[in-house]
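What follows is a single chain, given as structure tokens, in the form predicted alone.
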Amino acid sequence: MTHLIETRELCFSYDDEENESTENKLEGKYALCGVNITIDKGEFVAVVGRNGSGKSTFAKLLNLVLEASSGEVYIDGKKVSPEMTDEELLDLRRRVGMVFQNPDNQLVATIVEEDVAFGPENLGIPSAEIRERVDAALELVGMTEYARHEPHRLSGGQKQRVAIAGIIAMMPECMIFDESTAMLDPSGRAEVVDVMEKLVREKGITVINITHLMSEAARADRIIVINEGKVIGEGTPKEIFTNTELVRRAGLELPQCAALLGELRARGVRIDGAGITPDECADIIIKKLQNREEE
């Protein structure tokens, strides 16, 4: 089976980047080293780790913003290499889109629909098809009514949804969200994660969410944990967040719901099951209360 994305012994050092800021360097080490992962089409994957763990570097290597120091990256079975022609690299970048932390850095036009059309126009897509793509992308992110609005007048969450629509309009197979909710308030974060889920469930687009927020990671199908440039764990949200040693080693916090159940257990309340999402947590607590009444 061919994976959409595969890395083999992937390593990267910012020491190889002459003009790179030292801000993201892991002192005396590779920012990433020996990373072996596979991501399949239609998966919703969260990549988590503490600040400086290497997760954003990983995202930039997948999107070809950075070039690996060693190891290999494959996109749909095709090896990414410096020997690729400009046309081949452009084709790969079309297939893997990236949404960054600050939406203002991705908005280029003065009208929302013109901004969403910018990418497809640069790809040489015919005007009629661009119109269809823009309308479909805005509808998917719930921004149709703002098509003629000025982006700078929108809220942070709305701006990020416009930025996402701009990537969707280029019809990538995979979208990488690099800390894309970090600058948003809770409402804006929820809006963006809802869009991520719609991309996966309704459009079959592969979504990789690079995040330090465990409540977001809990909504993914699979979580990859990176610490000090290495993958130290991967699994479903329940597998990751019930592995207390792994969570401690990675310097992560449990999602609020899992932390609540843990605190109740620490206080002597006997609770069965692992709850990651609010609904799961509520079901477990309700079941416990019902059992107490029957007792």
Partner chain sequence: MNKKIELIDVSYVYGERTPFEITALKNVNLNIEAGSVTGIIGHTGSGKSTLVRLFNGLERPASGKVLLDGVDIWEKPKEIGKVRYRVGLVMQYPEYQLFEETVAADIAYGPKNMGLDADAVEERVKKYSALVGLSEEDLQKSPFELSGGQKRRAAIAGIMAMKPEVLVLDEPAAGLDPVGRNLIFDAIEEYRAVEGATVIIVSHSMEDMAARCDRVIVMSDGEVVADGTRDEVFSCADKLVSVGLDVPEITKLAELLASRGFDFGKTVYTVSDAADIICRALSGGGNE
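Here, rigid core means the biggest group of C-alpha atoms that superpose within 1.5 Å across both forms. Nothing here was measured: the structure is a model prediction, and the numbers come from that model. Residue numbers count along the first chain shown, from 1.
One more form of this protein, predicted together with the partner chain, exists but is not displayed; see below.
Of the listed positions (E173, D76, D194, D185), a single one reaches within 4.5 angstroms of the partner chain by any non-hydrogen atom in the predicted bound form, namely D185. Proximity to the partner chain in the predicted bound form, defined as a heavy atom within 4.5 Å, singles out one entry of K230, K41, K238, R50, which is R50. Not displayed here, the partner chain is kept clear of G34 by more than 4.5 Å at the level of heavy atoms in the predicted bound form. With a 4.5 Å cutoff on heavy atoms, E234 does not count as touching the partner chain in the predicted bound form; it lies far away. The partner chain is not drawn, but in the predicted bound form it has no heavy atom within 4.5 Å of G273. Contact annotation for H212: at least one heavy atom lies within 4.5 Å of the partner chain in the predicted bound form.
Contact annotation for 257-275: residues with any non-hydrogen atom within 4.5 angstroms of the partner chain in the predicted bound form are C257, A259, L260, E263, L264, R267, V269, listed in sequence order.
Core-aligned CA deviation for L260 between the shown form and the other one: 2 Å or greater.
In comparison with the shown form, the Cα-Cα distance of I164 and P278 increases by at least 3 angstroms in the predicted bound form. A shift of at least 3 angstroms brings the Cα atoms of E239 and R265 nearer to each other in the predicted bound form than in the displayed structure.
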